[in-house]
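Consider the single chain below, provided in structure tokens and representing the form predicted on its own.
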């Protein structure tokens, strides 16, 4: 059976060798890389631009970006017919193609994020390793933690003021250098689509810029949503551990810190949302104004067959509704959860409409193809190219983030001023 024949429905005149080859995993790929770039940009707002109100969530988003990084490779590996060959992109990177250049960009970005994390948490590594070394009668778990943190110190135990100032300078340099690399990491995904001359929907020079702006929006929204959920879990843990004692003051303190951070972060989310929506609408208006040869079938897809996905789900629920919710005064936690969830829906639908919508019409300009997402898998191909594979990719970064939080505390971590 030809790849794509299971989930492709053809209508009118479609060439025999045409199918929906790029499925939900190719939708998840730019979506996940966008989350990586957006989370890193949010963390850099404090380290580079000195926005002190974002100090707590910047450390949170930096660790979360590091958890998202390896998952960005997972959709491509699941989509490959021979996934064992995927490592060749990392082992032989070169600039002869956009996909091959991914190995260089991904490696550089991974080193930048890992180095910045080390400089941010170096003091914590050293203090924890020294405290465990001086402790007598360590348990097995404490011995494992001591060896782990001793390894993470890399032999640098200097905690003098001069050493910590050098750490802060290194963090600023790495964060500043990481912003363009993170944008390029996701912008090249838009470059891949924008450089496909055979597809009328993808061929536009604005595609990389649109992908970058929407990536920042999605990354900030996911960090806000995950931060809120994490803070709520912290309050429940505090209430459970101190159940016999009054817990109202500490719970109220966590709640006030949560609202303050969320309110400040949503301001930057709204700014990037305005930029992303403007670019997307500008691209849509430009296509209608130029009205190239393929505009007739594009118009039938945009304003006809995909009208609900584009104008209701993407622009309506994914942009307009959360934009209004975030602009209303006295932002609440529940409203922030709803708004950020809808923002993520809008960005995901933007990726869906680009990837799937770009394959919805035949190269003959006289036929259409519909993609049916496999819900219940009956073999390995329908699993990895269906709903189950997409959910596996979506859940993986949260598991990695939970594991990384055991090593990098995102809250109550001593940090050099």
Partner chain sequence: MMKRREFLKHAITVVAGLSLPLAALRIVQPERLFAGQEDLRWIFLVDTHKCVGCGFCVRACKIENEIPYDANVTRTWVERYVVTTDGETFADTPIGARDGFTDRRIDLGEGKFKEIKDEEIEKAFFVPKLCNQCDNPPCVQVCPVGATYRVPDGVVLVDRDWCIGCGYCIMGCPYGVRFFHPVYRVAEKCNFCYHRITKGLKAACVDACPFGARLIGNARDPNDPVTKTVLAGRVGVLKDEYGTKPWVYYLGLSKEVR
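Residue numbers count along the first chain shown, from 1. These figures come from a predicted structure and were not determined experimentally.
What follows is about the form predicted together with the partner chain, which we do not show.
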- Report whether all of 52, 132 and 134 sit within 4.5 Å of the partner chain in the predicted bound form, measuring from non-hydrogen atoms. no
- Message: Can you tell me which of 324-332, 78-86, 282-290, 219-227 lies within 4.5 Å of the partner chain in the predicted bound form, counting heavy atoms only?
- Response: 78-86
- Message: Is it the case that residue 383, even though its partner is missing from this view, gets within 4.5 Å of the partner chain in the predicted bound form, heavy atoms only?
- Response: no
- Task: Give a yes or no for residue 366: in the predicted bound form, does one of its heavy atoms lie within 4.5 Å of a heavy atom belonging to the partner chain?
- Result: yes
- Message: Test of understanding: in the predicted bound form, would residue 93 fall inside 4.5 Å of the partner chain by heavy atoms?
- Response: yes
- Query: Quick one: does residue 14 come within 4.5 Å of the partner chain in the predicted bound form, counting heavy atoms only?
  - Reply: yes
- Which residue, 196, 108, 317, 173, has a heavy atom that falls within 4.5 Å of the partner chain in the predicted bound form? 196
- Task: Just give me the single entry in 259, 100, 338, 275 that has a non-hydrogen atom within 4.5 angstroms of the partner chain in the predicted bound form.
- Result: 100
- Item | Members of 17-39 lying within 4.5 angstroms of the partner chain, judged by heavy atom, in the predicted bound form | 17, 19, 21, 22
